[in-house]
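As a starting point, one isolated chain is supplied in C-alpha coordinates, in the form predicted alone.
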(Lines give C-alpha, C1' and ligand atoms only; values in the text may rest on other atoms or scores of the structure.)
Protein backbone atom coordinates (compact mmCIF):
# COMPACT_ATOMS: atom_id res chain seq x y z
CA UNK A 1 0.00 0.00 0.00
CA UNK A 2 2.84 2.40 0.83
CA UNK A 3 4.46 2.00 -2.59
CA UNK A 4 1.09 2.65 -4.26
CA UNK A 5 0.61 5.81 -2.18
CA UNK A 6 4.16 6.92 -3.03
CA UNK A 7 3.49 6.42 -6.75
CA UNK A 8 0.21 8.35 -6.58
CA UNK A 9 1.69 11.24 -4.59
CA UNK A 10 4.83 11.30 -6.75
CA UNK A 11 2.73 11.42 -9.90
CA UNK A 12 0.61 14.25 -8.49
CA UNK A 13 3.74 16.14 -7.44
CA UNK A 14 5.24 15.70 -10.92
CA UNK A 15 1.99 16.88 -12.51
CA UNK A 16 2.01 20.02 -10.36
CA UNK A 17 5.69 20.69 -11.13
CA UNK A 18 4.91 20.40 -14.83
CA UNK A 19 1.85 22.66 -14.61
CA UNK A 20 3.72 25.47 -12.80
CA UNK A 21 6.51 25.35 -15.39
CA UNK A 22 9.24 23.78 -13.25
CA UNK A 23 10.04 21.22 -15.96
CA UNK A 24 11.31 24.02 -18.22
CA UNK A 25 14.90 24.95 -17.30
CA UNK A 26 14.42 28.41 -18.79
CA UNK A 27 11.78 29.15 -16.14
CA UNK A 28 14.09 28.01 -13.35
CA UNK A 29 17.06 29.99 -14.66
CA UNK A 30 14.86 33.10 -15.05
CA UNK A 31 13.71 32.60 -11.45
CA UNK A 32 17.29 32.35 -10.21
CA UNK A 33 18.19 35.47 -12.23
CA UNK A 34 15.19 37.22 -10.60
CA UNK A 35 13.65 37.91 -14.03
CA UNK A 36 10.43 35.88 -13.60
CA UNK A 37 9.30 35.32 -10.03
CA UNK A 38 6.19 33.23 -10.74
CA UNK A 39 7.95 29.96 -9.95
CA UNK A 40 9.59 31.40 -6.83
CA UNK A 41 6.21 32.57 -5.55
CA UNK A 42 4.79 29.09 -6.14
CA UNK A 43 7.69 27.39 -4.34
CA UNK A 44 7.55 29.73 -1.33
CA UNK A 45 3.78 29.38 -1.04
CA UNK A 46 4.01 25.58 -1.26
CA UNK A 47 6.71 25.44 1.43
CA UNK A 48 4.66 27.70 3.70
CA UNK A 49 1.45 25.73 3.31
CA UNK A 50 3.18 22.33 3.63
CA UNK A 51 5.03 23.44 6.78
CA UNK A 52 1.86 24.69 8.43
CA UNK A 53 -0.13 21.56 7.52
CA UNK A 54 2.67 19.23 8.65
CA UNK A 55 3.15 20.81 12.06
CA UNK A 56 -0.54 21.29 12.72
CA UNK A 57 -1.03 17.62 11.81
CA UNK A 58 1.82 16.60 14.14
CA UNK A 59 0.43 18.71 16.99
CA UNK A 60 -3.11 17.36 16.61
CA UNK A 61 -1.85 13.78 16.36
CA UNK A 62 -3.09 13.39 12.77
CA UNK A 63 0.43 12.63 11.54
CA UNK A 64 2.47 9.93 13.21
CA UNK A 65 5.81 11.49 14.24
CA UNK A 66 7.40 8.06 13.70
CA UNK A 67 7.16 8.75 9.97
CA UNK A 68 9.31 11.89 10.29
CA UNK A 69 13.00 11.38 9.59
CA UNK A 70 15.48 14.16 10.24
CA UNK A 71 18.54 14.31 7.99
CA UNK A 72 21.73 14.49 9.98
CA UNK A 73 23.65 17.76 9.76
CA UNK A 74 27.26 17.27 8.74
CA UNK A 75 29.77 19.12 6.57
CA UNK A 76 29.06 16.91 3.56
CA UNK A 77 25.42 18.07 3.54
CA UNK A 78 26.61 21.69 3.27
CA UNK A 79 29.08 20.83 0.49
CA UNK A 80 26.46 18.72 -1.30
CA UNK A 81 23.91 21.52 -0.96
CA UNK A 82 26.30 23.98 -2.55
CA UNK A 83 27.00 21.55 -5.41
CA UNK A 84 23.26 20.98 -5.88
CA UNK A 85 22.63 24.73 -5.96
CA UNK A 86 25.41 25.30 -8.48
CA UNK A 87 24.12 22.46 -10.65
CA UNK A 88 20.58 23.81 -10.38
CA UNK A 89 21.73 27.24 -11.57
CA UNK A 90 23.82 25.83 -14.42
CA UNK A 91 21.46 23.13 -15.71
CA UNK A 92 18.13 24.69 -14.77
CA UNK A 93 17.08 21.44 -13.11
CA UNK A 94 17.06 19.96 -9.64
CA UNK A 95 16.56 16.18 -9.28
CA UNK A 96 12.76 16.42 -9.10
CA UNK A 97 12.29 18.85 -11.95
CA UNK A 98 14.81 16.92 -14.04
CA UNK A 99 12.69 13.77 -13.75
CA UNK A 100 9.54 15.71 -14.62
CA UNK A 101 11.31 17.16 -17.68
CA UNK A 102 12.43 13.63 -18.60
CA UNK A 103 8.80 12.54 -18.46
CA UNK A 104 7.95 15.58 -20.57
CA UNK A 105 10.32 14.29 -23.26
CA UNK A 106 13.07 16.92 -22.99
CA UNK A 107 16.33 15.60 -24.44
CA UNK A 108 18.51 17.71 -22.14
CA UNK A 109 16.82 16.06 -19.17
CA UNK A 110 18.15 12.68 -20.34
CA UNK A 111 21.72 13.97 -19.93
CA UNK A 112 20.90 15.68 -16.63
CA UNK A 113 19.34 12.50 -15.21
CA UNK A 114 22.21 10.33 -16.48
CA UNK A 115 24.70 12.74 -14.92
CA UNK A 116 22.86 12.64 -11.61
CA UNK A 117 22.80 8.85 -11.59
CA UNK A 118 26.51 8.75 -12.49
CA UNK A 119 27.30 11.17 -9.66
CA UNK A 120 25.32 9.06 -7.19
CA UNK A 121 27.14 5.94 -8.38
CA UNK A 122 30.55 7.60 -7.95
CA UNK A 123 29.56 8.78 -4.46
CA UNK A 124 28.54 5.22 -3.61
CA UNK A 125 31.97 3.99 -4.74
CA UNK A 126 33.94 6.55 -2.70
CA UNK A 127 31.67 6.63 0.37
CA UNK A 128 33.80 4.12 2.33
CA UNK A 129 36.84 6.37 1.85
CA UNK A 130 34.88 9.43 3.06
CA UNK A 131 33.45 7.75 6.15
CA UNK A 132 36.38 8.55 8.44
CA UNK A 133 36.92 12.04 7.05
CA UNK A 134 35.67 15.46 8.18
CA UNK A 135 32.90 15.64 5.55
CA UNK A 136 30.78 13.19 7.55
CA UNK A 137 31.37 14.68 11.03
CA UNK A 138 28.13 15.85 12.66
CA UNK A 139 27.52 19.57 13.15
CA UNK A 140 24.74 21.49 14.97
CA UNK A 141 23.78 18.49 17.06
CA UNK A 142 23.69 16.00 14.20
CA UNK A 143 20.11 14.75 13.99
CA UNK A 144 18.30 17.60 15.72
CA UNK A 145 15.40 19.96 15.14
CA UNK A 146 15.31 23.71 15.53
CA UNK A 147 12.49 23.70 18.11
CA UNK A 148 10.71 21.09 20.25
CA UNK A 149 8.62 18.64 18.22
CA UNK A 150 6.73 15.44 19.10
CA UNK A 151 9.58 13.41 17.56
CA UNK A 152 12.41 11.70 19.42
CA UNK A 153 15.03 14.12 18.03
CA UNK A 154 16.69 16.68 20.32
CA UNK A 155 15.86 20.37 19.74
CA UNK A 156 18.39 23.20 19.51
CA UNK A 157 15.81 25.58 21.05
CA UNK A 158 14.11 23.05 23.31
CA UNK A 159 11.94 25.56 25.18
CA UNK A 160 10.16 26.80 22.04
CA UNK A 161 7.35 24.63 20.65
CA UNK A 162 7.98 23.46 17.09
CA UNK A 163 4.47 24.52 16.06
CA UNK A 164 5.23 28.15 16.93
CA UNK A 165 8.47 28.19 14.95
CA UNK A 166 6.92 26.28 12.02
CA UNK A 167 3.91 28.58 11.81
CA UNK A 168 6.13 31.69 12.03
CA UNK A 169 8.33 30.38 9.23
CA UNK A 170 5.30 29.27 7.20
CA UNK A 171 3.74 32.73 7.51
CA UNK A 172 7.06 34.35 6.54
CA UNK A 173 7.35 32.17 3.41
CA UNK A 174 3.75 32.90 2.43
CA UNK A 175 4.20 36.64 3.09
CA UNK A 176 7.29 36.78 0.86
CA UNK A 177 5.37 34.87 -1.84
CA UNK A 178 2.48 37.31 -1.53
CA UNK A 179 4.65 40.43 -1.76
CA UNK A 180 6.88 39.35 -4.64
CA UNK A 181 5.98 41.05 -7.94
CA UNK A 182 3.65 39.07 -10.22
CA UNK A 183 4.78 40.09 -13.67
CA UNK A 184 7.51 38.57 -15.80
CA UNK A 185 10.74 40.51 -16.12
CA UNK A 186 10.00 42.19 -12.80
CA UNK A 187 13.02 44.18 -11.75
CA UNK A 188 14.07 43.82 -8.16
CA UNK A 189 16.71 46.18 -6.84
CA UNK A 190 19.57 43.81 -7.66
CA UNK A 191 22.81 45.24 -9.07
CA UNK A 192 23.63 44.13 -12.62
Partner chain sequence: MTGQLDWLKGGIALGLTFLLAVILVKPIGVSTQFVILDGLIWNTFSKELIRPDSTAKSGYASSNAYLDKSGGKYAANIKNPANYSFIFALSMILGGILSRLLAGPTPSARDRVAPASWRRRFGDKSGRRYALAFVGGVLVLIGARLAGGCTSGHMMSGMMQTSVSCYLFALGAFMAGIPLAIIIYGRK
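Note that the structure is a prediction, hence the values are computed from the model and not measured. Numbering follows the first chain given and starts at 1.
Form predicted together with the partner chain: not shown, discussed below.
Among residues of the shown chain, residue 159 is not one whose heavy atoms approach the partner chain to within 4.5 Å in the predicted bound form. Using a 4.5 angstroms threshold between heavy atoms, residue 152 stays clear of the partner chain in the predicted bound form. Mapping the unseen interface onto this chain, residue 70 counts among the residues with a heavy atom inside 4.5 Å of the partner chain in the predicted bound form. Using a 4.5 Å cutoff between non-hydrogen atoms, residue 9 counts as a contact of the partner chain in the predicted bound form. Residues 9, 10, 11, 12, 13, 14, 15, 16, 17, 18, 19, 20, 21, 25, 26, 27, 29, 30, 31, 32, 33, 34, 35, 38 of 8-39 are found to place at least one heavy atom within 4.5 Å of the partner chain in the predicted bound form.
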